[in-house]
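Single chain ahead, written as structure tokens, the form predicted alone.
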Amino acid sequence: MSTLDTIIIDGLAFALPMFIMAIGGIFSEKSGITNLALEGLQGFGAFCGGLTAVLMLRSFEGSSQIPYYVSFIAAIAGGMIYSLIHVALCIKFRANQVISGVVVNILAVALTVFLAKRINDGVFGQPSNKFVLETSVRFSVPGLSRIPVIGAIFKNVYPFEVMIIVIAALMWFVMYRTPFGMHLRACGDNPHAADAAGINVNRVRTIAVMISGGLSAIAGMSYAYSITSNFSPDIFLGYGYLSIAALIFGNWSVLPTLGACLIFGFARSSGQALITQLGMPSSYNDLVRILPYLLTLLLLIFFSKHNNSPRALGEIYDKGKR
């Protein structure tokens, strides 16, 4: 396999989970709720999915893919339920949305590590803070994978990549082609006008935040099956913050956000390929991890002033002030 193929394959495997998490952020922020909690949502979702997977693997043969897909369902459910904390703080108690997001992230790290330790000790008899998962199976598309350069897109594909593409297309349709998507965008731009039109602003925002929780959980589970091969504190490596940077750089639009995620993904995979080509020690892989964050900093410095966020983003909605 060529170096270019490796860059494309690894770049997509990193970028697509970030993309689906960023779409979740877009849904939340298009409704008017600032969501810095994506990091915590993807981590808690991965915890729920990882726990489900290890419990089911004890009952199924090693080749069975049932635990794999059920773990994603469990992760989505866990992420959506956990997102209700952000909903309660921001909508019911009208807390500062930025602070709420930070609290949700910190709580997710502490809670999942604590629960993982207690469950491993009590159920599996092993003092550990991680759930060890098998790396996801991969497949190549016959014929298409043999095409030079472009064929790398269809080579060594994770099943979750296909899942993400399908869900992303569905979310785009919901956002721009359905009444709910129109209501959601109205709530983020002018919630008082939306309320006057008969739209239940708080309900729309609650659904939007829960969608962000479910999509972020898909990302967390994808990373657990690829980059980390387990659920552990390593799942909280800042990928949620990168996805927030991607949606800001993408101007809260789905397709430009995909471009931003691909830039971050290929920056990471290119750095790893460079280290391999130069024969540098594996310890330099840690240095490569800063490339997407450095790139994020530069992009936000030069392009953030041109962004147009939803007009009511971060504003506490008070129906009585209509």
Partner chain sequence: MKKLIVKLMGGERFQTMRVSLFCIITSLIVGAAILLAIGKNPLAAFGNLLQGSGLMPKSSYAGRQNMFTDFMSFLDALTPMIFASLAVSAALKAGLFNIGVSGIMLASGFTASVLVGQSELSAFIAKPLVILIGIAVGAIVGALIGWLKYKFNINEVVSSIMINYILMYIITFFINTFFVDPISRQSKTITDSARLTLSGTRAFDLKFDVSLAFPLAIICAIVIKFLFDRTTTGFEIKAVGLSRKAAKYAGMSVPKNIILSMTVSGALAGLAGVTYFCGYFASIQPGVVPSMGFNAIAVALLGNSDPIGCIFSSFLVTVISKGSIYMSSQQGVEMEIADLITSVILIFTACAEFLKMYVGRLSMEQGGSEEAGEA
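Numbering follows the first chain given and starts at 1. Being a predicted model, the structure only gives us computed values, none of them experimental.
Below, we turn to the form predicted in complex with its partner chain, even though it does not appear here.
Note on the partner interface in the predicted complex: the residue among 111, 141, 153, 123 having a heavy atom within 4.5 angstroms of its partner chain is 111. In summary, among the residues 167, 85, 77, 207, the only one with a non-hydrogen atom within 4.5 Å of its partner chain in the predicted complex is 85.
Among heavy atoms of residue 118, some come within 4.5 Å of its partner chain in the predicted complex. For the chain shown alone, residue 137 is not a contact residue for its partner chain in the predicted complex, no non-hydrogen atom being within 4.5 angstroms.
Contact annotation for residue 36: at least one heavy atom lies within 4.5 Å of its partner chain in the predicted complex. Although the partner is absent here, residue 293 is a contact residue: one of its heavy atoms lies within 4.5 angstroms of its partner chain in the predicted complex. Annotated contact segment (heavy atom within 4.5 Å of its partner chain in the predicted complex): 95-103, selected among 67-75, 221-229, 95-103, 145-153.
In the predicted complex, its partner chain lies within 4.5 angstroms of at least one heavy atom of each of the following residues of 228-243: 236, 237, 238, 241, 242, in sequence order.
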